[in-house]
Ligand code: PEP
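The chain that follows stands alone, in the form predicted alone, written as C-alpha cells.
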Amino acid sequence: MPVSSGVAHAAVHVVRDHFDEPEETTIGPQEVETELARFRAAIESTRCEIEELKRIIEKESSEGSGNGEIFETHLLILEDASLLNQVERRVRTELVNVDAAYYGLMTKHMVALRGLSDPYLRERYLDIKDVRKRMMRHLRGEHRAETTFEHEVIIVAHDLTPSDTVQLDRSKVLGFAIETGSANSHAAIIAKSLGLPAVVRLHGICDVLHSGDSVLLDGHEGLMILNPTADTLARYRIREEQAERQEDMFLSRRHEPATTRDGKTIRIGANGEFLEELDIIKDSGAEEVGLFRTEFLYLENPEATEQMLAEAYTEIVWGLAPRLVVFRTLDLGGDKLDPLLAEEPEPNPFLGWRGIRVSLGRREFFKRQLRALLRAGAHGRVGVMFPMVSGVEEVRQSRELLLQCGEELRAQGVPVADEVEVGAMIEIPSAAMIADLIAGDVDFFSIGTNDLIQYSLAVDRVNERVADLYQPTHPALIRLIAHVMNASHEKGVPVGICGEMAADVALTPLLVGLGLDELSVAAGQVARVKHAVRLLDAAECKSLVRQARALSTAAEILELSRGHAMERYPELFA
C-alpha cells in the first residue's frame, strides 16, 4: 500500500525488531580472542545503557520509590560471573561464535524460569529476555540509539514506532518500507511530514532484504524493486520529472489564501514534529502550524530540562514567525512509548495512560513543558492544545496549571507570552458528544481524526486484520464531526482538523461542506489542499453533506465525495 508519494533509490538499512536464534558457526582458534573481545565490548555497552536507564528513572521518580531496582536486577543478570564463564568456556572449547553461545545459554535459563510455579521467579524470565535483547543488539551492531548512516538509505522495518524514528539519522533517510501498517500509521504520517516516499504492507521484506541491498522505492504505486536496472531507473526519472512539473503548477500559488469560488476562506496549516521541518513548513504556503507534535522532541531527549525545552520551542516559534504555532502537549502512550515508563507495560495501552492523562498524572513533569511553552510564547505567537481529553475536568485542570505556570514565571521575572490560545483535541467520542460543554473553556477545537476514527469504530488503525474497517467516511464519523461543528459554532469556537483525513483531497468537499475553519496537513500537502479548496463551491459542498448524511455506508459517502472532487480538480488524481 502506497502511503506517501515519491520515488527513492538507495541502499536499504534493515531495522530488526526481533532476534531470531543466531546461526551457530564454527570459528578458528585464531578468532577466539576477537570473538571474546567483541563479547566484552557488548557487555560494557549494555552495562552503560542499563545504568543510564536506571539513572533516568530514579531522577524522574519520587524519592524512595525503588523504581530503579529493576535495572539493578538487569545489571546482576548481565554481569553474572557463572554465565559469563560458561559463554567464554564454550567459545574456547567448542570453537563456536559468541552470538550463538550467549543466546543459547540465556534462552536455556529463560525456559527453566518460565516453567517454575513461583510467580516471582517466573517474572524474572522477562528480565533475562530484556538483557538478552540488549546484548544481542550490541553484538550485532544494530542498537537503535546509534542508528547513524554514512550514506543515504531507505529504512526497511517490520514496524516503525515514534521511538524508533527519533533515533534515526533522518538527514540520510530517503524513504520507508514497512512490513505492516496502514495509511494512518505513524510511519506513514512521519514520511508525509518529511516529504519522503513510503510503502507499507510489504510482507516478508525483513527476511528477504539485507542492509546494503540496492532498491528503488515507488511511493506512488506501492512498489519496491530490488536491484533496479538502468532502464528502470531511466523510466522512473522521466516519470518524476513529469510529476515535478505538475507539482510546480500547484506550488506557484501556495502562498495565496484558500478561498472557495463563492468566497469562503479556509485556513490551511501545516503539521510538524521535527526541527528539521521548519524550512519545509515556511516554504509550503502554510498560514500557521495547526499541530506541532511535541512528543518527538521529548523522545529524542527524555531528560531535557525546562531551559532546553524552552530553547527548542523558541527556535520553532522564531523559525516560523509571524505564523501561529499550535503546540500539542505531550501525547505519550499507545504506540508512543515513554522510555521512562516502558518497563511498566499496560494490557491495553491505547485505552490506558496516554495523552493528557499522563501529563495530569505527572504534574511537575507537565509544568516543565507548560513553563517552556510560555517562555517560547514571549518570542512569537503560540497556541497550546491538550490531547486525548475525555471531559471538561481535564481541560480545566490543564488550563489551571497553565495559568499557575504563567504566574510563577512572572513572579520570577521571566518573560512569558502575553496571550496564549488554548485548545482541546477532539479525538475521543465522549469529547465530541459534549463539545458544547467543553467549548466554554477553550479558544478552539482541533479534531484528531486518526484517533477519533479508531475510538469511534473500535478499529486499531495499524492492525491489518481490521484495516478495511478503518473508514474516514463512516456515517457515524460524519455525524460526529457535524455534531462538533454545530456545537462549537454556536459557542463561537473555531474548529480545525489536524488528522490525516484533512490531507485527503478526495474528502475535501465533505470537510468544506461540514464547515471546517481550518485544515492542518503535512507540509508537502498544503499546496494541493489549497488548490482543491479554491475549485470548490462551499454552498455546493454543504448540499453534498446533506446528501452524504442520508447514505448508510462509508463506501457510498466516499464515492459521493470523490466523484465531486474528481469533477472539480481531476488533475489532483492524475
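Everything numeric in this text was worked out from a predicted model, so none of it was measured. Residue indices: 1-based, along the sequence shown.
This protein has a second form, the form predicted together with phosphoenolpyruvate (PEP), left out of what is shown; the following refers to that one.
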Between the options 402, 189, 78, 457, which residue brings a heavy atom to within 4.5 Å of phosphoenolpyruvate (PEP) in the predicted complex?
189
In the predicted complex, the residue from 496, 181, 499, 355 that sits within 4.5 Å of phosphoenolpyruvate (PEP) by heavy atoms
499
Using a 4.5 Å heavy atom cut-off, state whether residue 331 contacts phosphoenolpyruvate (PEP) in the predicted complex.
yes
For residue 425, is any heavy atom within 4.5 Å of phosphoenolpyruvate (PEP) in the predicted complex, or not?
yes
Answer with yes or no whether residue 375 is in contact with phosphoenolpyruvate (PEP) in the predicted complex, where contact means some heavy atom within 4.5 Å.
no
Does phosphoenolpyruvate (PEP) come within 4.5 Å of any heavy atom of residue 448 in the predicted complex?
yes
Exactly one listed stretch (239 to 247, 181 to 189, 70 to 78, 206 to 214) reaches within 4.5 angstroms of phosphoenolpyruvate (PEP) in the predicted complex by non-hydrogen atoms, and it is 181 to 189
Scan 288 to 302 and note down the residues that get a heavy atom within 4.5 Å of phosphoenolpyruvate (PEP) in the predicted complex; none is a fine answer too.
291, 293
